[in-house]
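We begin with a single chain expressed as structure tokens, specifically the form predicted alone.
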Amino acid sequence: MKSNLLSRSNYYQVGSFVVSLLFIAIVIALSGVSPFQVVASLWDGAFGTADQFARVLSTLAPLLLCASGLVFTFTAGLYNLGIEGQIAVGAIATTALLRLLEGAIPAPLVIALALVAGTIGGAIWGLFAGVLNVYGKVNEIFAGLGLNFVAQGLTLYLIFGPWKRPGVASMSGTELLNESLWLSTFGNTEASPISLILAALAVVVTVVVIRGTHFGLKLRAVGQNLRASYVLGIPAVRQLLSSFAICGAFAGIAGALQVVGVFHRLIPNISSNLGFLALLVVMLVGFNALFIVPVAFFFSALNIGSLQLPLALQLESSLAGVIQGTLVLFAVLGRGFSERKNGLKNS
């Protein structure tokens, strides 16, 4: 019986994927370009040169970190839309520590402490959203979105206020960090082995914790039925707050890597919308950490490859967002139809 349900679910998932591809092909064709030309251009933009591939990897690392963190909150039944703010606060904490300790202690130690600061900053901001949700009875969606605005405002205040460049303050961000505080990379590219290692560790930890520990089991119980888990003696409040803090910590590391590994300064859009992109990744994989890596890699390649579209085909690079959103929308619809069908059959 279970295998029949699984086959039916897979049938809906595959069907929704095929329909989404057809829909995307029609949208591209209506713009006057062959879908095959778009695919070729995207591939060339993402993998045409070693530098472009490195940019795919540099985007992949924070994306994996954010997606891993979101698995914890989604497993607990929470929609954490505040991850963009958690990335920003992690970046702010990292920049603050770099400015404080630059030149005072060896650079590698400063970078290590900056990553820890980013982790703590993101965790505190994530926990703040959890406190608003649990004790303030503020829906986690509104709490997260509100904190995003606060984090964005704080970032702009620092860039145009206390941390502005000498004699000038602009949207280009704070003063460039000393090169000794930049994260090591593969050659002259943007891809950092340390970023990739941290991202891989985050995915492994997430899979192990969610699928193989008592903490993960309790988290799943809370996500399935909060009231029942509370009655059965599971510390539901602790689980909810922990999931927010863990998600914030992973997002904080992502923010720290954006500072020391990519931009080498604090900029207004330090998150580069990777938090929202991670939300799409996690929704597409059905909150299953096992499939985060291939989907995140695909989305990362799509983002970088889309930069080629205006040059090669005179198309807007935002087409990548249309493709990503369409895939997620149809995947969610497929799951919804599958669950509805199963519910009607069982009733």
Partner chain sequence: MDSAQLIGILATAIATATPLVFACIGETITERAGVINLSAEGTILLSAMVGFAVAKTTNSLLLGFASAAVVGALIALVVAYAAISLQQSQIAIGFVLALLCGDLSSFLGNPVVRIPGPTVPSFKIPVLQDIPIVGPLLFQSDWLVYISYALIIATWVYFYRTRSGLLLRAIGEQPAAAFARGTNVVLMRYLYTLVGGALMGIAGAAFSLDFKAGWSHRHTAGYGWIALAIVIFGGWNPIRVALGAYLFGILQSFASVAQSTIQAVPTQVFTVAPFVLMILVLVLTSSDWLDRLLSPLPASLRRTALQTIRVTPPAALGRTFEQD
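Numbering follows the first chain given and starts at 1. Fair warning: this is a prediction, and the values are worked out from it, not measured in the lab.
One more form of this protein, predicted in complex with the partner chain, exists but is not displayed; see below.
Contact check at 4.5 Å (heavy atoms) against the partner chain in the predicted bound form: none of S58, R220 and P235 pass.
In the predicted bound form, the partner chain sits within 4.5 Å of a heavy atom belonging to F337. Within this chain, D51 is remote from the site of the partner chain in the predicted bound form, having no heavy atom within 4.5 Å.
Taking non-hydrogen atoms only, Q37 never approaches the partner chain to within 4.5 angstroms in the predicted bound form.
Within 4.5 Å of any heavy atom of the partner chain in the predicted bound form lies no heavy atom of F215. Listed residues I120, L145, L181, L113 were compared with the partner chain in the predicted bound form; L145 is the one with a heavy atom within 4.5 Å. Contact with the partner chain in the predicted bound form, defined as a heavy atom within 4.5 Å, holds for exactly one of I194, V203, V150, L101, namely V150. Contact with the partner chain, judged by heavy atoms within 4.5 Å in the predicted bound form, is confined among 315-323, 43-51, 58-66, 290-298 to 315-323.
Contacts with the partner chain in the predicted bound form, taken as any heavy atom within 4.5 Å, map within 266-283 to F276, L279, L280, M283.
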